[in-house]
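The form predicted alone is given below as one chain in C-alpha cells.
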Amino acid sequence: MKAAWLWSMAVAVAAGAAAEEGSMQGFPFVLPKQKPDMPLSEAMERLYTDYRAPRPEDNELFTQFKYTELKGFDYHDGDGTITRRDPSKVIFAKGKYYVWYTHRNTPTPPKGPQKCSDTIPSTDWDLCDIWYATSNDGFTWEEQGVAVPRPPKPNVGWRSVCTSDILVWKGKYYLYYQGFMEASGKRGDYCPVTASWADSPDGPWTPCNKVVIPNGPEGAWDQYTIHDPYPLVYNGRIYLYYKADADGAPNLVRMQGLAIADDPLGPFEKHPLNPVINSGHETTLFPFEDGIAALVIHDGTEHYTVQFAKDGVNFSIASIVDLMPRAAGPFIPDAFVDAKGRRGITWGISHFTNATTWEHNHSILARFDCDLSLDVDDPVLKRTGTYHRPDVYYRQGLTGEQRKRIGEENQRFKAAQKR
C-alpha cells in the first residue's frame, strides 16, 4: 500500500512539474484547474469555457438528487381521487416550514375532457384548490387545509386553481397561480395567471380577481398559455418566470419566459428577449451568487441541465445532471433578499405524477435533497453516475407496435438474404 501511494504521488508531482515547465508533448496527465495555454479541441475548450469547473465535484452547480417519501399525507389508498402536485417554493416563517400545492379531492380519478363534469375532473389538475402544509423538519408535514379555494363563477379560476408559487414582498405574502375558467383539455391548457395576497402565511388570502400576466399577442410563442408562475426578487424588482407551450407539431415545445414588475400585482412587463430558457417542463429557479440559476427539467433540447445567468436573462448550461426533481419547489432562504453572494439550495419538495396506474391517475409529493449550495460540501451528492438495477431499465420496454416493426424488419432481412 505504501509503495503504491508513493508511486501515485510521484506521478502526480512529475506530471504537475511537467505541466508547469511546459515540457508536455500533449495534454497534461493531471487535469489543470485553469485552462492551459495550448491548442485544445472543442471538447476541451468547452470544458473550461462553458462549465464552472473542469471536474464535476468542483462545480457548485453540479449535484446528484436524493429522494425521501414524505410523512403526513393521505392519498386514499392511491385510488386516484386525491392528488397533491406542483409544490411552491418552501419558505420558513413563524418557526416552521411552509409549502403550498395543487390539491384535488374528487369522487373519481380524471376521466378526460369528453367525460368530465362539474364534479368529475378532466385532468389531474382540474377541479383543484390550493392547499398548504407546515413542517418542523421538512420530512413530516401537517396539512393545514385550503389556502386559496376556487372562486365563484365567473371569476378567474372558478373551474380550477393550481400550480402556485409564493412571493414575500414588503411584509406581505403573495401566491401566484393558474386560474382555469374551463376544464383542462377542452381547448388545450389555456388559462391565465392570477394571484392572492395575505398578511400572514396562514392567510386569510384575498384574491385580486384579475389576470396578472397576460397571454402574448396572436402568433407569439405564449399566445395560448402562461403556466407555472415563479417569482423571485432580483435587482430590487420582482422577476416572475413562467412557462408556455408553443408549436405543437408534432409535440409541444416548452420554453420559459420572464416578466418583471415593481408591484406584486403588476403591471408586469415581459422581457424583449423572451423566451429566456429554451427547454424545461416546469419553472424552478433560485438566486445564486450574483445571478440566477435554473433547473431545466424534463423537456427540450437542454433538458436535465442546471443553467446560470448573471443577469437573470441570458442563461447558459452550467452542468448536466441525472434524476432531476419534477415540479421542484426548493427551500431558498434568500429568495426574497436583494443582495449578492446568495448561497443556493440543498433541498425542497417535488412531485411524482406516475404514483400508480393511469386509470387511478394522481400525483404525490416527495422531498428531494441536493448540493447546489456554497455552504455544503457533500461528496456523495457530487459523484457522477447513477446506478439502477436491471428491472428499472426493463420497465422502459418496447411497445407492442415497436416489437411488430422489429419483427417486420427481421423478415425483410431474411427475405433479402434468400435472393
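Bear in mind that the values here come from a model prediction, so they are computed numbers and not experimental data. All residue numbers are counted from 1 along the displayed sequence.
Here the subject shifts to the form predicted in complex with a further copy of the same chain, a form of this protein not shown in this document.
- Within 4.5 Å of a further copy of the same chain in the model of the complex, a heavy atom is found for all three of 302, 365 and 376.
- Using a 4.5 angstroms threshold between heavy atoms, residue 338 stays clear of a further copy of the same chain in the model of the complex.
- Interface membership of residue 37, defined by any non-hydrogen atom within 4.5 Å of a further copy of the same chain in the model of the complex, is ruled out.
- In the model of the complex, a further copy of the same chain lies within 4.5 Å of some heavy atom of residue 187.
- By the criterion of a heavy atom within 4.5 Å, residue 397 is counted among the residues contacting a further copy of the same chain in the model of the complex.
- Distance criterion of 4.5 Å from any heavy atom to a further copy of the same chain in the model of the complex singles out 326 from the list 111, 326, 150, 343.
- For the residues 165, 245, 124, 282, the 4.5 Å heavy atom test against a further copy of the same chain in the model of the complex is passed only by 245.
- Comparing 78-86, 207-215, 317-325, 102-110 against a further copy of the same chain in the model of the complex, the single stretch with non-hydrogen atoms within 4.5 angstroms of it is 317-325.
- Contacts between 57-79 and a further copy of the same chain, taken as any heavy atom within 4.5 Å in the model of the complex, involve 57, 62, 65, 66, 67, 68, 69.
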